[in-house]
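Single chain ahead, written as structure tokens, the form predicted on its own.
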């Protein structure tokens, strides 16, 4: 595949980043231009909507809202990148479903016509990490590094939605994924294997205790690996793990103190930015031990 020099893309921020975790949006806005990516912000997007509860309640309405978002991007004339696993799940599945069922697409467009919209199926949607791998290449990432994260070990958490259903997402081997491991390696850090690498964070479970038990199982696995931090790409998962450690301490009496860091925050650190520039100071579990390891590590060019 021929790699592109520069790209213009429309960011689909979703709900959680602007409302709860603006530090993730900040990290994206600061790091992607260093890779030759121009973010073209447009108006008119709504919630993706949620790929679990909303879809289970009314799938046609769920598809109609997703198709409206895609139609907004089609009108603007650029492809979409998402920074949230839930958003990419909804938008990709909506595309797949409507492409497979012309009658359903016609019904969705009948509804969209009321607001003068039409979904044509002409826009590409990718998660930001997929776009970096497939359209730019990891060498572009390596070229942007000013402070390699040498000595930092990262336990990757993939989450559910970016990988599955694999016949729709087409991101990686759903059982043996490598995309995030490879990206972390490109930053100079070392991704560590751990037993619960692919376990769901538990956020979608309709139960009071099970999500916290799942969070605990994942952190137990990470603690055994000896990793300095957890690296992830989903704000919903982040909400389970950053605050989740506080809840585990309060309810289960178990303290882990494992920093949870969004992949693009790690990229920002590797590009030479300070912790506050990428919003690490807003996290409940502080990344002091990670920052200490990279202190003074500057790339010589």
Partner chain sequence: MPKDKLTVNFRFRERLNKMPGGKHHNYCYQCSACVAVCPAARFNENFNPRQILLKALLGAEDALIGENSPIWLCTNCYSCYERCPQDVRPIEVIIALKNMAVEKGTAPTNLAKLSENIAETGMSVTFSSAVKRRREELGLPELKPVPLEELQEIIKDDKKE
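Positions refer to the first chain, counted from 1. Nothing here was measured: the structure is a model prediction, and the numbers come from that model.
If you look for the form predicted together with the partner chain, you will not find it shown, but the lines that follow are about it.
- Highlighted residues 132, 146 and 178: none comes within 4.5 Å of the partner chain in the model of the complex, counting any heavy atom.
- Of the candidate stretches 225-233, 148-156, 178-186, 107-115, only 107-115 contains residues with a heavy atom within 4.5 Å of the partner chain in the model of the complex.
- Using a 4.5 angstroms threshold between heavy atoms, residue 123 stays clear of the partner chain in the model of the complex.
- Although the partner is absent from this view, residue 77 stays clear of the partner chain in the model of the complex, with no non-hydrogen atom inside 4.5 angstroms.
- Within 4.5 Å of any heavy atom of the partner chain in the model of the complex lies no heavy atom of residue 256.
- Heavy atoms of residue 239 never reach within 4.5 Å of the partner chain in the model of the complex, leaving it off the interface.
- A heavy atom within 4.5 Å of the partner chain in the model of the complex is found for exactly one of 260, 263, 26, 37: 26.
- For the stretch 230-255, the set of residues having any non-hydrogen atom within 4.5 angstroms of the partner chain in the model of the complex is empty.
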